[in-house]
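As C-alpha cells, one chain now follows by itself in the form predicted alone.
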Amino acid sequence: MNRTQARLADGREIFFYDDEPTRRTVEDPREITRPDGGSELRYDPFLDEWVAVAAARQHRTHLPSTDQCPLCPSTAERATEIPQQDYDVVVFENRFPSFSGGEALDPGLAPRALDAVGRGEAELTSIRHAGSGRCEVVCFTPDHTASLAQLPVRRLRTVVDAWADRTAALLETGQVDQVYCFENRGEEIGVTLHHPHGQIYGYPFPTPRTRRMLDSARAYRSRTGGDLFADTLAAETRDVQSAGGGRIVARTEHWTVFVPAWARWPVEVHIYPHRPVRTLPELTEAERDDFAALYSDVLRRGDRLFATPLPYISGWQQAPLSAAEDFRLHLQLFSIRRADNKLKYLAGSESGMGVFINDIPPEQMARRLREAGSAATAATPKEDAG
C-alpha cells in the first residue's frame, strides 16, 4: 500500500493512496476553519434508534460548476480540498460531517435513560448524546468527468485498499462501532457533487439495518443450526439449475454476485465472498485483486441496462465491533431506476410503512445483468478495433 498522511489547513486529516510508490509533500495554503456546529444524537424510543442532527450540513457545497469543484486537484489559481496537482485516490475528513467525533457513545445510555424516565427522573424526549463517530470523503480519481465504472482495475484495487485501511483505522479509534464504505452515484440518488467520489461513515453504534440482520442471523442459527449468510449463498448457487438460470449474475474464484430472491429495488445485486470474512481488512491480497476486477465488471453491466448510466447506492455491509454473532462481509448495490424514463419513488408503502413493492422480478433482472455481460464480451473486439 502506498499511503501518504497529512493535514489540511483546518486540522482535518487527509490520506493519499497511490497506485504506485509516490513521494508527496502536502501543504494546504488556504485560510479556513471548520464550520460552527457539530452533530448531536437523539434517541427515537419508538424505533429504538439514534438519529443524527447535524445543522452545519445545511450549508455544504451543492452541485457546484466544474470550475468550482472542491474535489478536483488544486491549481496555482485555485486551492481545493485536495492540495495536490494530481492524485490517484484520496480520503479526507468531511468538512460537513453527519457524525463529528467526540466522546464515544455508551451502548447502555438509552436503557439507563429509559429507566430514569420510568422513575420520573428524566423526560422521554431528552435522551441525547453529543456527536460521535466520523465521516470521510473518498475521491476515486482526479478526472472530474469519469466514473468508478470507467476506471482501470488497478485503480479499483487501490480503492479497495483505501476502504480496508480506513476501516481498520476507524475501528481502532474507540469512537466507532461500525464502518460503512459507500458510493452515491447520480443526481437521481441525491448526489450533491458530480466528481466521482464515495464516503466512509464511522457509526458510533451498530446501525438499525445491521442490528436487524444480526437478530435474524441469531434466530436462524437457533432454529436451524446454520449460518444464514452461508446458507443464502449456497441456496442461490444451487438455484442456477432452475428455469431461467437462477439469480446468479457472475461467479469467480473468491466471490459470487447475485440478485437476492427478495430484492426490494428494481436493480439490486449482492456480492458475497466465498470465505466467511467479517470486515474489509480481513480480505487477502488475492480476494482484493479478484474483487476489483469483478466489481468493475458489475458496474459496467449496470451501465448497460438502460439508456443512461445507472444511478445507484453501493456500500459494504461490515460487522460491528460489538457483534459476536455470525456476520459475513458483503457489498450491496441498488438503483431506483426501473426503466429508461422511470424511477422507483419510495412512496406511501415504502416510506410510510417500510414495505417495499418491486416492479421487476429478481430473476428477470439477474438475466438482464447476465446478458449485459455477454453483450459486452461479444462487442469487445469491435470496440478495441475502433
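Residues carry their position along the shown sequence, with the first being 1. Just so we're clear, the structure is a prediction, and the values are computed from it rather than from any experiment.
This next part talks about the form predicted together with a further copy of the same chain, which is not shown.
Using a 4.5 Å heavy atom cut-off, which residue among D297, E236, E93, D177 comes into contact with a further copy of the same chain in the predicted complex? Partner contact (heavy atom, 4.5 Å) among the options: E236.
(message) Counting any non-hydrogen atom inside 4.5 Å, which residue from A130, L193, I189, A168 sits next to a further copy of the same chain in the predicted complex?
(response) Flagged contact: I189.
I'd like to check something about R304: if you look in the predicted complex, is any of its heavy atoms closer than or equal to 4.5 Å to a heavy atom of a further copy of the same chain?
Heavy-atom contact with a further copy of the same chain at 4.5 Å: absent for R304.
Review point. In the predicted complex, does E325 have a heavy atom within 4.5 Å of a further copy of the same chain?
Key: Looking in the predicted complex, residue contacts with a further copy of the same chain do not include E325, since no heavy atom lies within 4.5 Å.
Taking heavy atoms and a 4.5 Å cut-off, does T232 contact a further copy of the same chain in the predicted complex?
-> Yes, T232 sits close enough to a further copy of the same chain in the predicted complex that at least one of its heavy atoms falls within 4.5 Å.
* To do: Answer yes if any heavy atom of Y87 is within 4.5 Å of a heavy atom of a further copy of the same chain in the predicted complex; otherwise answer no.
  => Although a further copy of the same chain is absent here, Y87 would stay clear of it in the predicted complex, with no heavy atoms inside 4.5 Å.
Candidate stretches 70 to 78, 279 to 287, 310 to 318, 151 to 159 - the one whose heavy atoms come within 4.5 Å of a further copy of the same chain in the predicted complex
Comparing against a further copy of the same chain in the predicted complex, the contact stretch is 310 to 318.
- request: Scan 254 to 274 and note down the residues that get a heavy atom within 4.5 Å of a further copy of the same chain in the predicted complex; none is a fine answer too.
  value: Result: A261, W262, A263, R264, W265, Y272.
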